[in-house]
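As structure tokens, one chain now follows by itself in the form predicted on its own.
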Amino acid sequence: MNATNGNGGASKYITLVSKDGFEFVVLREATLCSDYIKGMLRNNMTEARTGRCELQDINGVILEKVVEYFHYWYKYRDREDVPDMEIPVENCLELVVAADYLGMDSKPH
């Protein structure tokens, strides 16, 4: 499978797959706040060709929240007055670990 848009360019969407098999279709540009995913989608990497990134260290519950953050970041990326995002307390530690793993820090992208 080739993740192109039919005109030879990269597809507008990618699929993120959790370690327990949950799949999330995400706007490619929204994932660019992750250095890890950005690296996977470069050059001739398998993920760049297929548009499918398997994240073997992140479970579906946490990846769902990460995907929610990708859309949140994309929506508010050019704003300074950003509303708080709800994060369940019981997921905080795993989300911090996932954010670190994915290279999502406070630096501008």
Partner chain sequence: MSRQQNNRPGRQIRGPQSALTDFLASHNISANQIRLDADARRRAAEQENGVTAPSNEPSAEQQAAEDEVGESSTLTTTVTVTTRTSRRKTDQKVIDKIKASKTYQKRKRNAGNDDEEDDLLDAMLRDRASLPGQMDNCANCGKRFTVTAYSRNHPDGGLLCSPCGKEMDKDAPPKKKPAKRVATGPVGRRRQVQSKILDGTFQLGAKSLMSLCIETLAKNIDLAEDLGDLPQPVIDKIARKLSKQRLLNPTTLSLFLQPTTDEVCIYDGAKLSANDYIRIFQTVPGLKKLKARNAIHFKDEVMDFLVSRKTELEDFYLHGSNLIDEEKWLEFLEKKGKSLKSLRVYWTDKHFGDSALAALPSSCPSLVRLKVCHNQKVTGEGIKHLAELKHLKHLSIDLRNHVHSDIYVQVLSSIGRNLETFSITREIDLDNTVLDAIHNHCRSLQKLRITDSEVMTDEGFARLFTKWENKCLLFVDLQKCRQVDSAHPRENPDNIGLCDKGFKALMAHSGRKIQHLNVHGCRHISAEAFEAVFPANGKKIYPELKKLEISFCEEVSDFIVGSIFKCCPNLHELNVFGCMKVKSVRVPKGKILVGVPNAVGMVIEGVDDDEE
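The model shown is predicted, which means the values in this text are computed figures rather than measured ones. Numbering follows the first chain given and starts at 1.
Although not depicted, the form predicted together with the partner chain is the subject of the following passage.
- In summary, the region of this chain contacting the partner chain in the predicted bound form, judged by heavy atoms within 4.5 Å and restricted to 23 to 31, 65 to 73, 50 to 58, 37 to 45, corresponds to 65 to 73.
- The partner chain in the predicted bound form comes within 4.5 Å of no heavy atom belonging to Val17.
- Applying a 4.5 Å heavy atom cutoff to the partner chain in the predicted bound form picks out Tyr76, Arg77, Asp78, Arg79, Glu80, Asp81, Val82, Asp84, Met85, Ile87, Val89, Cys92, Leu93, Leu95, Val96, Val97, Ala99, Asp100, Met104, Asp105 from 74 to 105, in order along the sequence.
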